[in-house]
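Here you get one chain, nothing else, as structure tokens; it is the form predicted alone.
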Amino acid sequence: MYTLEFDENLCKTCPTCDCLVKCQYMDLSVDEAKEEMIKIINGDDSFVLQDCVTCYGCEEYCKRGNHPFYLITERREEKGILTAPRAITKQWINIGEPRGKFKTGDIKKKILSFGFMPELLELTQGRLFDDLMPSYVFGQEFFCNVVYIHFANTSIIKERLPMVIDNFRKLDVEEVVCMHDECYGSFASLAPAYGMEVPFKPIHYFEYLYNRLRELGDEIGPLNIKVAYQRPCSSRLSSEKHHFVADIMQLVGAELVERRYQNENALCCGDVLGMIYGYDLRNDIQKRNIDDMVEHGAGYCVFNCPACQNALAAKVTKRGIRPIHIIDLCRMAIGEK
């Protein structure tokens, strides 16, 4: 069984303990944060194991690359601290179970991976993707399973992710453009953290979009709109790619409004957190987030994750903000939508 590569000395010598100090759902001083992390490292009880809402944020806040959230998730599972009722956890685990039913296109050395999100199939239209389509994969056999860290269930990930990686290996691909950043995070962050070899180069679709827009630069018409970006929890596992949001907006002539809940301080859509911890938490997150967009004059809410868009599209629309996926925004800029 794969084990987490974690250096406890990096935590014990950390001068800031930002992983917990910066947490938006718990209030800890540096000394308190260090004390609780040492408890977690030693396998002792800590209120953090009860209060963590699984926003993934500490993975980004830790600048030493020591994976505090993965450790918290490991300890929760070891102690049987469930983040959701067993029935809900089991339901989610069953959804992602490999069933031998998947789709592949005309496989080349470079492919698009849709994981197990059918909404992504509809987004990859037009010139942005005509250099890759129909080289793609879709289905549970290519589903990264990272969502189960929300449910304190790394054992499922350690069982299934190697199988997913092996399915890509069998296709003999060299580059995989991940159309969901949770999939990218599984190959670029989670797999290496557990010592899993990834035999291909994962590419975040933001990076792909940016490069394609530059290739199609003569066709871009500046949009001249103000936008707020809805950052999903999954992007915390690929924070080194977050800069492409601003880079893409600059290319398409969209102004990212300066607001409180962006970049490291972003709030997720709240949907999974609400399902696990209750509607009060979800409603509070969503209200603060959308109020922030409205107060700073955003005309559009730009989405990355289709699940976030499903959760918030109607709500931002009621506040006078147009919801749009970042791919559709890019298609607008080249005159396709």
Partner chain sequence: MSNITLSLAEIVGEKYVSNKEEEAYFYARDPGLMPAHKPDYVVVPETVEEVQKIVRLASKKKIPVVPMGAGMSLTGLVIPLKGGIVIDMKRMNKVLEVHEKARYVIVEGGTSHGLLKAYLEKNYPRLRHSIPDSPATATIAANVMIHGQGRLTQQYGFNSDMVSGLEVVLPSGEICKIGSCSVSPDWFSKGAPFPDLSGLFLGWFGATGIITKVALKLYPRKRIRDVEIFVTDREDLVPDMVYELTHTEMVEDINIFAQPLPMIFKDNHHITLFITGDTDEELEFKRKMIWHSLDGFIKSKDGGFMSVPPVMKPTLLDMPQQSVSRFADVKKGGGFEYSGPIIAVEKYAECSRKLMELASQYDLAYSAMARIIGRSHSMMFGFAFTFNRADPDMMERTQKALQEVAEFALAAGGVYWKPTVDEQRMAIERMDPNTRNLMKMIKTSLDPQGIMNPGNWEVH
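Just so you know, these numbers come straight off a predicted model, no measurement behind them. Positions refer to the first chain, counted from 1.
If you look for the form predicted together with its partner chain, you will not find it shown, but the lines that follow are about it.
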| Contact label in the predicted complex: Pro222 to its partner chain, heavy atom within 4.5 Å | no
| message | Please determine whether Val48 contacts its partner chain in the predicted complex, using a 4.5 Å cut-off between heavy atoms. | response | no
| message | in the predicted complex, does Lys109 come within 4.5 Å of its partner chain, counting heavy atoms only? | response | no
| Partner contact for Ile276 in the predicted complex: its partner chain, 4.5 angstroms, heavy atom | yes
| said: With the distance limit set at 4.5 angstroms and only heavy atoms considered, check whether Arg212, Arg214 and Arg288 all reach its partner chain in the predicted complex. | reply: no
| task | Answer with one of Leu82, Val198, Leu121, Met133: the residue that has a non-hydrogen atom within 4.5 Å of its partner chain in the predicted complex. | result | Leu82
| Listed residue (Ile88, Met117, Ala246, Leu171) with a non-hydrogen atom within 4.5 angstroms of its partner chain in the predicted complex | Ile88
| note | Answer among 60-68, 28-36, 278-286, 297-305 for heavy atoms within 4.5 Å of its partner chain in the predicted complex: the stretch 278-286
| What residues in 295-319 sit within 4.5 Å of its partner chain in the predicted complex, counting heavy atoms only? | Asn310, Lys318
